[in-house]
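Only one chain is included here, represented as structure tokens and corresponding to the form predicted on its own.
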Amino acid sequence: MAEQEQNTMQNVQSQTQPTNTEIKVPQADPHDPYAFPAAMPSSADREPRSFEVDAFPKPTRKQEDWRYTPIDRICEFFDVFEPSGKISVDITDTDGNPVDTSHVEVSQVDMGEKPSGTVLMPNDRVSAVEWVSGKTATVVRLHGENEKPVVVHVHGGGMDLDSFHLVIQADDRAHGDIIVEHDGTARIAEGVEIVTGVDSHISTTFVQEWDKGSKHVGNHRIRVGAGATLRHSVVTLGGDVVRIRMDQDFGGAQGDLNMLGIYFADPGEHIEHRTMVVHNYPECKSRVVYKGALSGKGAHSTWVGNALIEPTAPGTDSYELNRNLVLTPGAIADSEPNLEIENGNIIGAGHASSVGRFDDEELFYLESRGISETEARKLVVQGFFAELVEEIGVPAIAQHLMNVIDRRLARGENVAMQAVLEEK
């Protein structure tokens, strides 16, 4: 009987006294910035990452990442399609000669076969659709010192849906420039993977100079190696709708990333660039500078810049800047810089953006010295872009870019003059 009373008393005590159970908090993987749970929830990098199309809902304007995009004009890229294969790709040096095979290797691999699919994963539906729809990937591998830039010329073959996947690999301590030119007429989904080796110094320049009516949705996935320097430039000068998303992280400490962008939107065109810079290693540096001009009714540009500094990235130095010059009434520029800091031990982090028209004082100064208004406007825009063109640092295309900008300005002047006459 005494033993039964003792057991009853122990049961009562166990029910009334609090249990000393340790709460276990899930630990993030510091080497994987996209592991779940994250070191901290990030509003800047909130979308899933997957090669599966069904991992992403179909885009709508209610979704944050698509609210500036004309969904109805690119809806054909939201579902898996059969590529037409009409796009042609030529790879040469800047003189049109075959590349130096002692420093440049060009190959084709099946999608999913390494090195394709090794740099991050798609972060939106159109990127996953490109991955699943494509059949092969073109691989350009650099090693050693490359004196002449490599030119990848992508020529559109018509308005049938098509895809293109490019992998750029740079070995440890490699030096070189790669220019990717797009022209012709196309509706293309493009995926680009860029990985730079330890202590490499690489420049990549992507030029979109599509014919009227063309559509281009792209995703650049970038990893900058330890101690490596990458200059990543995007120049968009033509296309009915061009939407390019860039997702980047670092593969080691002391990486240096410089992202430059130039764009010019004509009447009715939608030009959109989105950058996502993730600082996940110590002592890395990033600079993002994008400049755009818009001319004519319905010209629309969007720049969204995201920078995320993770707890694993002390000593970070990050800055992003966007400037927009509205040349005529009726053009709209959306500019949205976002900065998320999860580490107090950094060198610096900041952002700035602006949307404005011509500076009246600059125009007045030039006109007061006998320069016509048309020429004054052209000089102001040339000066607006010139510094960035020079910083891109590829002489083979610098003059071409300025010539194209001049032609766009002349076309814009004609459009503006026609609009004035119609109002009268």
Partner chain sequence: MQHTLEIKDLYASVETKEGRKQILKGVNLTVHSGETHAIMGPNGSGKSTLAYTLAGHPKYEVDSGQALLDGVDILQQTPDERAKEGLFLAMQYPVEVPGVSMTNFLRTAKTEIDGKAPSVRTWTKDLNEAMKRLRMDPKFAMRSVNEGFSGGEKKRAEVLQLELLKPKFAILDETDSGLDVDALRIVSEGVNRAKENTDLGILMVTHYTRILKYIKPDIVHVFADGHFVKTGGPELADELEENGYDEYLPEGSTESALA
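Positions refer to the first chain, counted from 1. Only a predicted model underlies this, so the values are computations on that prediction, with no experimental measurement involved. For the two forms, the rigid core is made up of the largest set of C-alpha atoms that agree within 1.5 Å on superposition.
Although not depicted, the form predicted in complex with its partner chain is the subject of the following passage.
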TODO: Would you please decide whether Phe56 lies within 4.5 angstroms of its partner chain in the model of the complex, comparing each non-hydrogen atom pair?
DONE: no
TODO: Indicate whether its partner chain has at least one heavy atom within 4.5 Å of a heavy atom of Ala386 in the model of the complex.
DONE: yes
Task: Touches its partner chain in the model of the complex: Thr60 (any heavy atom, 4.5 Å) - done: no
TODO: Using the partner position in the model of the complex, report whether Val355 sits within 4.5 Å of its partner chain, counting heavy atoms only.
DONE: no
Task: Among the candidates Glu64, Glu361, Glu391, Glu52, the residue which, in the model of the complex, approaches its partner chain to within 4.5 Å (heavy atoms) - done: Glu361
Task: Check all three, Val109, Glu113 and Ala137, heavy atom within 4.5 Å of its partner chain in the model of the complex - done: no
- [ ] Would you mind checking 115-149 for residues with a heavy atom within 4.5 Å of its partner chain in the model of the complex?
- [x] none
Open item on the list: Quick check: Thr60 between this form and the one not shown - does its CA shift reach 2 Å or more after fitting the rigid core?
Closed with: no
